[in-house]
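Only one chain comes next, encoded as structure tokens, the form predicted on its own.
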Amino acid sequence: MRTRDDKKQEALFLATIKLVNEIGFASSSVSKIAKAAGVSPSTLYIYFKNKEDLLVSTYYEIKAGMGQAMLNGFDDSRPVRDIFHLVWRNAFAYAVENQDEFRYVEQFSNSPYAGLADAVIIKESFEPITRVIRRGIEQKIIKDVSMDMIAAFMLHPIKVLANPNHCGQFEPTEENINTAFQMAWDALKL
């Protein structure tokens, strides 16, 4: 039995992101991904059961990294609005700095592969944020709506503003980023 090499697994994730963004899910075959990663197709099967497992695992990997980035400097003893501001700023910075990963997540979310992803695994990366949202709802700081609605009004502006293909005229100055956060916060607060 061959042993796993974290560098090869990371190369497979990066190759998957690159190829899917360039040629789409359907055209990104196991052999093309393996070649782009610099490994043999048989090596890919050491890490993943099949192409679907690789695509979903890549999605999980990105979401986990996104969750870690959003929680950078997180302190749940701070006021709810301050935590939201920190998380929002971290998410915005992640989106700007990781355009390829963001594009992959967006494509994945709109593909048939999204149905293969386990929502529980994804939610684990964001559990501290969810706890703060619940606290904000209980304290009547945040509107009592579904987590999906909160995520949409919190994160969708980031998806649009951080992507030059969506908002080429948006300049990510400190003032504009703070204004965008305030608009997102205004949509969520009571």
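Residue positions are given as counts along the sequence shown, with the first one as 1. Not measured: the values here are computed from a predicted model.
Beyond what is shown, the protein has a form predicted in complex with a further copy of the same chain; the following relates to that form.
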property: Stretch in contact in the predicted bound form with a further copy of the same chain, which is absent here, among 125-133, 157-165, 66-74, 29-37 (heavy atoms within 4.5 Å); result: 157-165
property: Asp186, heavy atom within 4.5 angstroms of a further copy of the same chain in the predicted bound form; result: yes
property: Partner proximity in the predicted bound form: Gln107 to a further copy of the same chain, non-hydrogen atom cutoff 4.5 Å; result: yes
property: a further copy of the same chain contact at Phe153 in the predicted bound form, heavy atom, 4.5 Å; result: yes
property: Contact of Ala180 with a further copy of the same chain in the predicted bound form (heavy atom, 4.5 Å); result: yes
property: Whether Ile23, Pro112 and Lys143 all lie within 4.5 angstroms of a further copy of the same chain in the predicted bound form by heavy atom; result: yes
